[in-house]
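This document starts with two versions of one protein chain, written out as structure tokens and named structure 1 and structure 2.
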Structure 1
Amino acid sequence: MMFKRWKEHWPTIVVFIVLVVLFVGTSFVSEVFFTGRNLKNLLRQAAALGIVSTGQTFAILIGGIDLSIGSVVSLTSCLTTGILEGQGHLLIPVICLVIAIAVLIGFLNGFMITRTGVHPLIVTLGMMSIVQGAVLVYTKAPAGSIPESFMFLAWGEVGFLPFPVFYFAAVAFLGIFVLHRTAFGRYVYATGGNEEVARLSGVKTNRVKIVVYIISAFTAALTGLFLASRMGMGDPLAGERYMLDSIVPVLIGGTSLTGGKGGLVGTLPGVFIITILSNAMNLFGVSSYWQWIVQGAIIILAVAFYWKQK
């Protein structure tokens, strides 16, 4: 019995093993890797990717995908800095505003997916295009600024640890809690596992889907805020990379693109694997073209590994 449980969680365990091996291996090979300073860097670097990937995990768990995440990140970072223009007293209202806008976008994604039945890949691709266009109409070049106080989000430190670690940890913890402790989390898995069955069991699947897309847009907004703080300025192209980057840790973490299987427990080590790899390749001075090739190979290999498991 016990063994069976183990076997079920095997992919997740493997991700953790890979992470540990990578971590220990890099520490041995590079003397700078395992220094307080570098580890702090690492954690700070992981935060943004970690937060968007948390939202993406939800979207993929219901058998969907959210390609609009990247442009929402850009939008929120531009709006935040663009409206703030360094004025500290506007901070709270602006944060509320950008989150509200992201929630609205998430809602529209979910609404269109549930209403029209168009594949989420297409709806969110369309939405990505729309939002990206809107950002570029709003601001054509990096612009705006933030008040000094807001810098704390990305650059502050609490004791030894950088503040982003807490920000990321809070989001990740909340995500895990929602997925595994609440009825909503159960519905997310059920909707991903078999939507029709979930619906016939009385789960309001359309509502679940809409909420999930709101969650993913919400995490995108949190990332946008973080990037605004980290960069001090809104950049209309800052989020572009997250469209595809956010999906990679989710899949490395063993969540299946067909939905209903996996979860954040795999995504989090996935985020760190990617961050450590990029960090380590920089430390070793790997030429950037080869870095691309390694990235591509990792994506394929990591996933090739589990899908064969079944």
Structure 2
Amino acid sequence: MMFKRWKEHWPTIVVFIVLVVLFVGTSFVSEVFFTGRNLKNLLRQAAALGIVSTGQTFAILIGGIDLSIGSVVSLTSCLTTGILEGQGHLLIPVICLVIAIAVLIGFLNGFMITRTGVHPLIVTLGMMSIVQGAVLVYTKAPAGSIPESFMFLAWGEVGFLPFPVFYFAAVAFLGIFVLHRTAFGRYVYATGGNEEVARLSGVKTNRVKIVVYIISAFTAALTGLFLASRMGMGDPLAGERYMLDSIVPVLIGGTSLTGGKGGLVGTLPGVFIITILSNAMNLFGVSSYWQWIVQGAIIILAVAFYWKQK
């Protein structure tokens, strides 16, 4: 029984082991890595990637993918700072507005996927192009500003921990609760595992897909708000990197591209593995071009490794 349970969860266990080894190893080879300032910076980086990867995990679990996630991050960031222009009294209405716009984009993704039967990769790629184009029409350069109170989201601290840790933790734990403690979570796994069987069992799979893409867009909006707070202005290309970056931790964590297997428990250590690797390479002065090569290699190796284990 013990061996069976270990075998069932071994991909997640392996990811946690890799994370611990990477953290300890980097601490030994770099004097700067384990300093308080660098660790706080690392946690802030992990928050942005972790929140957006949470939504991507839901999308991949149903056998889909969301390539529009990065453009939604950019849109949210630019609209927030562009409308606010430092006016604190507009903060809550603007946050509600940009989240509503993101949710609408997620709904449209899910609606088109379920109504047309076109693969999610194509639909979300097209949506990415539309949204990113709209962002560049709105502004072609970093613009806008935020009130001082909004800076707490990215730069505030609670005790010795950066506030983004709690922001990320709230999103992650809510996602884990939904996936493992609600009927909707079971429907997500059922839809990704075998959509036809799930449908015949009474699961409204189309509705599940639409909600999942709304969740994905919602987490992208939360990430965009965080980046707006961190940078103090909206960058039309701020979310570009997250189109692919949000996929890497999900795959490292063992979530299958075909859906139905994996989850956020694996994605979370995957987020920190990528963040630590990126942080270490920056500390060692590794070119961003080489970092892209490393990231591409990680994607191929992770997919090949888990595919081979099927």
Partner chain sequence: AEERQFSRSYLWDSNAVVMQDMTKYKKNPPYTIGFSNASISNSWRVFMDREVRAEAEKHKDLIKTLYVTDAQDKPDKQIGDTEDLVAKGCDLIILSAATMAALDPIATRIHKQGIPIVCLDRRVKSDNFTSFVTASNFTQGRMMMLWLCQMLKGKGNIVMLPGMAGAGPAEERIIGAKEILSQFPDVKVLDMQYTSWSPSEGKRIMAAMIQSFGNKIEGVWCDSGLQGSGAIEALQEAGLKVPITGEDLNAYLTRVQKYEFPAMSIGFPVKMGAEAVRTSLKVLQGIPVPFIVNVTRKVLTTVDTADVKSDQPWDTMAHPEWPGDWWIDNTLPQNWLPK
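Counting starts at 1 with the first residue of structure 1 and goes up one by one along its sequence. Just so you know, these numbers come straight off a predicted model, no measurement behind them. Only the largest set of C-alpha atoms that superpose within 1.5 Å between the two forms is called the rigid core.
The form predicted on its own is represented by structure 2; structure 1 is the other form. Taking 2 Å as the criterion, L283 counts as shifted between structures 1 and 2: its C-alpha moves by at least this amount when the rigid core is aligned. With the core held fixed between structures 1 and 2, A297 has its Cα displaced by at least 2 Å.
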